[in-house]
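Below you'll find only one chain, the form predicted on its own, shown as structure tokens.
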């Protein structure tokens, strides 16, 4: 068998469960999912004595996105035709795309309901693999630290490099850092937690682990495009303008929804051996823009840390006694700076559609490789990612929390999925 055919078979070993929302004609989100520059976002060179950016005192390189930093981490760990990747069963496609681009076999490991790796089951699973993975990806979901020390010891026993995925976890405790301390490489995505347009950090435990290859500096055209995109997003954010009147109209909006039959998205599967549409091979070796580097450097950590925690706790209080939903995590630990508020809903066929039709900003990982992990298969449709970032206004938070409360209490459960 040719090497080309072997690579195709490795890629095609994954079956993807896909959700096509096109028939739903969902409106544009009325609130920004990610932080952006506005009057509520402070820029300051002042640092928070309690927090710093992940990997601040380690060697790092900035790519345009975390997915391309992952590509380099996988490559440096030997992930490719001769060595696979062990990745979490609950994932965004861009966590797998870099390994697929490297012609590597991707194996998915099971997770507990709290999204922690199930090491006992993984141990059994590894014994069934013909090719031992070169690296294991550990994701600190939503900014909540995993037990990386235990996973690192597990990887050492099995001859795998540990890569810490901090794409949801940019902020670290200064005195007792918990994130990015155990992986051979750590990746982070500043644009998801700070008001910049792009940025994927690759952080090495040792300078010698980087090798000679550096990301390529973007040309002036790319720099201008990034700047123009930032200005456009600021303009879109200003146009949204949620007001108290929008909050007051929510009960009427839910009543109107209940009179309608909402169009459903299309569920299908695919075994196409290719990267997702979100992955651009031409950007694999491209460095982050100068503008993004500057915004990362001067963004106010105190404001980001305080507002994210404040908004997360407001969400938690709001949903605590609601029917048909529950927070993924029971509490927000000291020192944890959340990326989003993860909410598990019981009836996605009713409540997800209703919320999206109202213009709620929601992410959901419904484009995912299939696995036997029941947690991942359940969370694919049932786990919503809701914004809690520092750019949100008080009225935006009220609007979102009121919308969730009204949908959970007033939209009937016609289908259980």
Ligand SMILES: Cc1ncc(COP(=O)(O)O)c(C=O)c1O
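Positions refer to the first chain, counted from 1. Bear in mind the structure is a predicted one, so any value in this text is a computation, not a measurement.
Omitted from view is the form predicted in complex with the named molecule, to which the following refers.
- Put simply, of 26, 51, 352, 365 only one has a heavy atom within 4.5 Å of the named molecule in the predicted bound form, and it is 365.
- Between the options 292, 299, 311, 167, the residue in contact with the named molecule in the predicted bound form by a heavy atom within 4.5 angstroms is 167.
- Residue contact check for residue 135: none of its heavy atoms lie within 4.5 Å of the named molecule in the predicted bound form.
- Though the partner is left out of this view, residue 307 does not reach within 4.5 Å of the named molecule in the predicted bound form, counting heavy atoms only.
- Residue 92 belongs to the set of residues with a heavy atom inside 4.5 Å of the named molecule in the predicted bound form.
- Contact annotation for residue 139: at least one heavy atom lies within 4.5 Å of the named molecule in the predicted bound form.
- Picking from 318-326, 183-191, 247-255, 280-288 the stretch near the named molecule in the predicted bound form, with a 4.5 Å limit on heavy atoms, gives 183-191.
- Applying a 4.5 Å heavy atom cutoff to the named molecule in the predicted bound form picks out 65, 66, 67, 70 from 56-84, in order along the sequence.
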